[in-house]
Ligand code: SAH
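The chain below stands alone and is given as structure tokens, in the form predicted alone.
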């Protein structure tokens, strides 16, 4: 459809981890717009498309490029890593889209780091959980701190996005210190680095150990709830089922 923009969640970036709907949207597009790194992750399959990019921190410009191309009658896709509606560009597109009444927006869901990282770690999100970004670029740190405290008091399993960067090397340590105010130091945790990409690293550890781990901006961190445990190296948050053990069955018989 002309005058339509697909806002595509591309997951970690590899084709096998994109949804069929995302691949179809990209194939139907004349123009694919995104952050340079995300366009590179698309590989050779879409090299024949018109590709347009902006550097990091030019998100508004990138969005406006989409509308400008759509106004020319082109089918446009804006790609985001993970899911476009989870720390992605979907909300900004809708905000700017108020200026472009004749252009329709379609959000195409993708596999976010919470899902893909959890699968590699085991089952850390099998009960109520929340996701918190440690980036204070758009959210003040005092608000992030309040959210961490509330999540800990509510006994949620917690996913931490953006735990570190060149300018925020100690933010994960600061977050762990806040959580240690309500949680035991042996709390089961884990993290995954470079999800779905080369050099993927998966680790389970305690909250105390996590505090001193070095992570990068491509790491997703998982904090278990009070019932989580590490089983055979995997981080498991229990759903609450009452398991009938084989030994109990034998004894009853």
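Here the structure is a predicted model, which is why all the values come from computation and not from measurement. Residue numbers count along the first chain shown, from 1.
Below: the form predicted together with the named molecule, not depicted.
The candidate site formed by 34, 67 and 106 is entirely out of contact with the named molecule in the model of the complex, as no residue has a non-hydrogen atom within 4.5 angstroms of it. For the named molecule in the model of the complex, the listed stretch (189 to 197, 204 to 212, 25 to 33, 59 to 67) containing residues with heavy atoms inside 4.5 Å is 189 to 197. The closest non-hydrogen atom of residue 124 lies beyond 4.5 Å of the named molecule in the model of the complex.
Mapping the unseen interface onto this chain, residue 86 counts among the residues with a heavy atom inside 4.5 Å of the named molecule in the model of the complex. Among residues of the shown chain, residue 219 is one whose heavy atoms approach the named molecule to within 4.5 Å in the model of the complex. Using a 4.5 Å cutoff between non-hydrogen atoms, residue 156 does not count as a contact of the named molecule in the model of the complex.
Contacts to the named molecule in the model of the complex (heavy atom within 4.5 Å) from stretch 109 to 140: 112, 113.
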